[in-house]
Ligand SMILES: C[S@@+](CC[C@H](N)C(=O)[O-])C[C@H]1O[C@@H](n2cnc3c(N)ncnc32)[C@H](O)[C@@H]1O
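There is one chain below, alone, in structure tokens, taken in the form predicted alone.
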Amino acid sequence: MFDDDFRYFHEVMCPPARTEAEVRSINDLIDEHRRGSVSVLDLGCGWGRLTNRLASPPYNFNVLGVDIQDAYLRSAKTDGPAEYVRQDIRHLDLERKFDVAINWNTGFSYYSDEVNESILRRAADHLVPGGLLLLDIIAYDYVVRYFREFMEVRRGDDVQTDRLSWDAPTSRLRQWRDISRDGRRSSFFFETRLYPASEMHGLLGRVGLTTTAVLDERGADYSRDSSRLVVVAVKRSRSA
């Protein structure tokens, strides 16, 4: 799924203006909760779209990006100042602690419930006490309310189409993706586990984190019309 085609069409959906808006939002959330020099762990950093901007002026965070795709990491290292490590976030083991961990653009919920929870647990294990976890995922309520069976992204003559179904008992969004690019065609299936805000609160609590804010993509309070669910959680001390 996460190959050159994914990046190619993702760049249409996430142009530079959106990247800048997302980086500002992340910066504002960090600034609200942490002061001074801040170390940031970007889980599932991809090609460094957010990672390198967070490490660049005017933000200048000390950022480590983690991803499993070699091609993405090579591009990220070339394009900006952040540090990068190749690891699978399902088996994260960096032997370092961070002030902040981010997982943006629904980067953790492609697996079973048990694996998704273990990813968050590993993220929490890499935070200092009082450290922040910032999550951005597709909003459950928005999908249920405005569900679409078909989506299309075009870039010139190239097309990415998704046929979708919603499995209510498991809260999973199922997608059959077809890609036509440069005369080449490919197809594959994937699914995403969507979490209502209340369920995400409980999930984070089980891995040692306390939810402190539930927001939308604009930084406003989360509502059923929000297309994204942005969660801010703080790592509890062992005695808490």
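One-based numbering along the sequence shown. Everything numeric in this text was worked out from a predicted model, so none of it was measured.
The same protein also exists as the form predicted in complex with the named molecule; that form is not shown, yet it is the one meant from here on.
Though the named molecule is absent from this view, in the predicted bound form it lies within 4.5 Å of a heavy atom of just one residue from V153, I89, I137, L164, which is I89. The stretch from 99 to 107, 142 to 150, 165 to 173, 127 to 135 that comes within 4.5 Å of the named molecule in the predicted bound form, counting heavy atoms only, is 99 to 107. Contact with the named molecule in the predicted bound form holds for none of R121, Y195 and D216, as no heavy atom of theirs lies within 4.5 Å. In the predicted bound form, the named molecule stays beyond 4.5 Å of every heavy atom belonging to L41. A residue is said to contact a partner when one of its heavy atoms sits within 4.5 Å of a partner heavy atom; L204 fails this definition for the named molecule in the predicted bound form, lying far away. Within 4.5 Å of any heavy atom of the named molecule in the predicted bound form lies no heavy atom of Y84. Contact check for T211: no non-hydrogen atom falls within 4.5 Å of the named molecule in the predicted bound form. For the partner-free chain shown, D67, I68, Q69, Y72 of 65 to 79 come within 4.5 angstroms of the named molecule in the predicted bound form, judged by any non-hydrogen atom.
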